[in-house]
Each structure stands twice: as structure tokens, then as C-alpha cells.
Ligand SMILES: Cc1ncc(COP(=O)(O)O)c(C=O)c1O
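Form predicted alone, single chain, as C-alpha cells, below.
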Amino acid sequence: MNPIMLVKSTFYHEDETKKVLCDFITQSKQLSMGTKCREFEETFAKWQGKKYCVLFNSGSSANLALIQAALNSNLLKPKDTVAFSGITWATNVMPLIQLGLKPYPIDVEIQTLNCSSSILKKAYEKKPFQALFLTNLLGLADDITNIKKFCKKNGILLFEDNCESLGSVSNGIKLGSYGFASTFSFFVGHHMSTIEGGAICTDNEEFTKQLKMGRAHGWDRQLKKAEQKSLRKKYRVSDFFAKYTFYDLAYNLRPTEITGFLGLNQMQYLDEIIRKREENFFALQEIYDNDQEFYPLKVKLDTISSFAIPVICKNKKVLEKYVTLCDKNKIEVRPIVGGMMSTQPFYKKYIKEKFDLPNSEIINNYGFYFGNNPELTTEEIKYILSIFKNNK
């Protein structure tokens, strides 16, 4: 058996994609952000069921732009408290610290790896917060419908990190469509690859304008003519000087036309990719029959667009046993995403306040995952199951 890696290819249908990419590059007159990026934004927004999409050079850039745009548009204010999922990725939390907000880690459920409404309510009673940056971890979610209701009732701004859950559906709604805005990643290891790339989706037109300016230096070049005219009138800027007028705090987080082209190319396969990931996920559920060593998963979704297969062990000894077995049998494994962010060096350097997150600690200390991708074969699935089932 060849090594089973997290990702087999840079793209789905890689040979064909590389050929059309080469043709696109050699025939293009412009490779900086342009028409292909806009075409992808329109296509992806429609697929996700949102009004607007803004494309970025990475999912991490999208996270940064999301928080900056929230501040620029006064949806958040400096020193506001922003809660975030206890198990998440570093660049969900770093912008909160970098931009002067107060991060507040919220525990997750062991059997879903995600925040639940009951945990959220207790955390809010202990310490109210103005926004929640919810991570839909590894294609899963808890009772996100109730989380949305709770946020709406209490005036909490809900953002979703949907970088690992592209295509998962809960109660008829795609994850990434519950919050005010949501971020996505198209990094090579994710559901759909543009090599590097990310996006934000929202239904709010004004916020979309802030995202477009925040993505590109704070200027108005990507805005509609009417929006440009309004800004220039407000700040008394002529059309000539508008070329280098910067209206608010911003960055250069622009994608290239290659990103837009690859996104459009891979979207033709996206529904197939999601179907295969879900089939793999259910085929591998036998792993959790071993409830003496592993915590069972509790799935509450209509569609499970599984990013990877998580395994949460009951103790350190079990973790070491299966990490060693996987390594020996050439199955690539990783810790559960970025783990518990409040234990990371960068976090402890800047944030001294401590919170009790018992479930997140278990997942962080005793969890791992192995890859799920649409190119995983039946033979490979049987092989993975044999390693887990024959070594109880």
C-alpha cells in the first residue's frame, strides 16, 4: 500500500486542470485581479446562496479583512469582546489581538468538535460578548440554528469560519450561510483548490464595499460607479486624485486572475467532491465502534462535507498507540486543526486571562485526524479500517 497522505493532488482532475491553466496563462493579457476574479465571485456567491462574495489571496487574509471591515464599518469597536471557538485556526484569533479586540475562547462539545448553544449561553452569562467568530470545524457543526437564534436575540454579531466545511448543510442551509458573514479557504489542502485563495460571503452590500476597499489599499477602484461617486463627493476628492486616495485602514490581500480561473475550473467538480467526501466519511464510521478507546462522533447534519476524519482518544496512551500505528503503516495524521488556541505561544504572549475549556483540552491533548479527499479509494478505506479495527 502506498502512503495515504492528507492530500493526493493539487487539484481535482489535476492533469486536465494543469493543461487548461497553462493555456489560460499563455493566452491572458492580464493576470492581476480582474474579470475572472469577478466572475468567480458571482458564481461562488450563487452556489453558496449569498448575495455577495469577495475573493482574497487566502482564507487567512479573508479572516483579517473580515475583522478589519467590521471595525471600519463600526459593527465592532476597539476593545469589544469577540468570542471564538476553543478549537480553531491561528489566523481566526490573531486578527482579534492585532486589531485591539478582546478574544474570548468558548469551549466545544467533544462529540461534535464544535460550539453548542448550551455552552455558548453559559459563556455569555459568565462574560457577555459583542461578536462570535464560530468555527465550523472539519466539516461538522453542532446546533448552529439555535446558535444563530441566540446571537440574534442578544445582538451578537455572528461570523462563521467555514474554511473546513464547504458544502456541509444543516437544516437545509449550507454552513457559511448562518452568520452575518463567513470566510472560506481554497488552499490546496482544502475542499476546492486554487493553490492559495480565500473568500468572504455576505448578504450585506455596505459590508461588501468595506471588504473590497479593505482588500486593496483602502481605495475605491473595485467599487460600483455610484459608490465611487458618493465617496468622492463625501471626501471632496476629484477623479484624478481618487486614483491614490485611501479611505480607511486596509491591506493588499488581492487574488490574481489565476485564483479566479482555478476557482471557476474547480467549481464544476465541487458537488462531486462533496458527495465523495461524504461517502468516505460514512464508510469510515466503523472506527468509532471502538468506544473503549475513542469518543464517538455525533453527526447532526443533512450533508457532511468532511474535511478530514477526526479521532478523539480517551487518553494519552491511546493517542500515542494510534499515532504510532498510523506512522508505521504510512497513514499521514495531524493534530486536530490548530488545536486549543489559548495554549499557543502567540496567545499566551499577549493574553493573560485564563478560561476553563475542559472539552477543548481533551480534543487538543488526545485528538488527531487523517485525510479525507475525493481521490481516496475503496482499497485505501479498507486498509485504514483494518489498521484501526485490528489493533484494538
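Nothing here was measured: the structure is a model prediction, and the numbers come from that model. Numbering starts at 1 and follows the sequence shown.
Here the subject shifts to the form predicted in complex with the ligand, a form of this protein not shown in this document.
If you check the ligand in the predicted bound form, you find a heavy atom from every one of His190, Gly197 and Val337 within 4.5 Å.
Contact with the ligand in the predicted bound form, defined as any heavy atom within 4.5 Å, is confined among 163-171, 312-320, 231-239, 101-109 to 163-171. With the partner omitted from this view, the residue of Gln266, Thr91, Gln210, Asn114 that lies near the ligand in the predicted bound form is Thr91 [heavy atom within 4.5 Å]. When the ligand is considered in the predicted bound form, only one residue from Asn359, Gln68, Ser58, Gln48 comes within 4.5 Å through any heavy atom, namely Ser58. Contact annotation: Ser306 falls outside 4.5 Å of the ligand in the predicted bound form, judged by heavy atom distances. Among residues of the shown chain, Thr135 is one whose heavy atoms approach the ligand to within 4.5 Å in the predicted bound form. Under a 4.5 angstroms non-hydrogen atom cutoff, the ligand in the predicted bound form lacks Ser182 among its neighbouring residues.
Contacts to the ligand in the predicted bound form (heavy atom within 4.5 Å) from stretch 106-131: none.
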